[in-house]
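Here's a solo chain for you in structure tokens, the form predicted alone.
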């Protein structure tokens, strides 16, 4: 009688993320940035949110304000760029489309990282990881790190280790790493380094004598569940190699959507805030329509700068909507309920809206008396389609119809060309 065949294709999880995503996206179209310290700034060119390895070597901290770095930028040869969200979004879409060719089991976790379900022997998985890395680099121009492990948590754990270890060359198969090396890594790292474990949980775990990731991996899952939660028990099981966190096809199971931004130029009138609310109402409608959602509650708010103690005002209003809706007209009118609370002459530095109590569209058909003609005509979906094709600001309703952009919109004085989304900014190739 023959022996049973050994299972060769155990399911594994591949975690792929782009190295220094924003900076890498910029370098893909501007090779002169290679090898130079590069930082990408937050909204309104505020602080560093992405640092190339060369910028990190200069000691630039995450979140360091640009005004503190600017005087030394020329001395360092530091290149600072405004956040080019149009470029980054398109590069991300291209990366995810390529990764989707390797597996029907793909979860886009964030703009620069994804999980894939893969199968194969260790050698096959390593070859697959190298192929993914080379394909993304060759077709999109950005470097990625590929980690393959039995669980999501182990894949996330190994990511920084492999990314900063030249010996892996950007590709790591967790089970192929010697057990002694894996244990050494887990022994060196605090539990706060684990995906989903924050400071408060770390303190509680430390009180139980659990300090390192290795300590947590050896803990009793049932005890952890009783002392903490089922979620923490799943983390322990994942560290032990048992998959407990399923793949999500699309991460839209959110409870709320927020549209808020600091202004490049403070707004001092209710008319200015009306314009802001109109723009955000339109954006909320488009986002809800994109994900097939409707909202039942809208909250609008505004605020002065914390650095302006002389004039302080933080008005807000919560508006229950007559029915679950994604209609831009209804959302905008609800946001305008904030206007009577705006103090003329006060310098408002920020405003926004938040839609909550979200539910799938079509779950609750309204009575004929309450039917909304704009919703029936799918105006929200139309706005999303036009915005996606022609860019934000290409269409607007009422006070949200702005040509050329108002002066309060985000300041991006060091914006690179939007190479892939704007016709007049397409890169030019010169033949030798």
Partner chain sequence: MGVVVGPRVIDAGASLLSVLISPVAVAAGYPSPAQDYFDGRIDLNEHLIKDVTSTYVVRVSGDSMEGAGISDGDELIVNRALEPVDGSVVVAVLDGELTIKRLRITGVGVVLQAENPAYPDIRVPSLSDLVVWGVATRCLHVV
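Residue numbers count along the first chain shown, from 1. Model, not experiment: these values are computed from the prediction.
Keep in mind the form predicted in complex with its partner chain is missing from the figure; the text below concerns it.
A.B. asks: Considering non-hydrogen atoms and a 4.5 Å limit, does its partner chain approach residue 420 in the predicted complex?
C.D. replies: Looking in the predicted complex, residue contacts with its partner chain include residue 420, since a heavy atom lies within 4.5 Å.
A.B. asks: Please tell me whether any heavy atom belonging to residue 141 falls inside 4.5 Å of a heavy atom of its partner chain, as the geometry stands in the predicted complex.
C.D. replies: Taking the distances in the predicted complex, the answer for residue 141 is yes, it comes within 4.5 Å of its partner chain.
A.B. asks: Should residue 98 be counted as a contact of its partner chain in the predicted complex, where contact means heavy atoms within 4.5 Å?
C.D. replies: Looking in the predicted complex, residue contacts with its partner chain include residue 98, since a heavy atom lies within 4.5 Å.
A.B. asks: May I ask you to check whether residue 59 falls inside a 4.5 Å heavy atom distance of its partner chain in the predicted complex?
C.D. replies: No, residue 59 stays farther than 4.5 Å from its partner chain in the predicted complex.
A.B. asks: To test your reading of this chain, name the stretch in 124 to 132, 201 to 209, 232 to 240, 98 to 106 whose heavy atoms come within 4.5 Å of its partner chain in the predicted complex.
C.D. replies: The contacting stretch is 98 to 106.
A.B. asks: Taking its partner chain in the predicted complex as the reference, which of 152, 163, 94, 333 has a non-hydrogen atom within 4.5 Å?
C.D. replies: Comparing distances to its partner chain in the predicted complex, the residue within 4.5 Å is 94.
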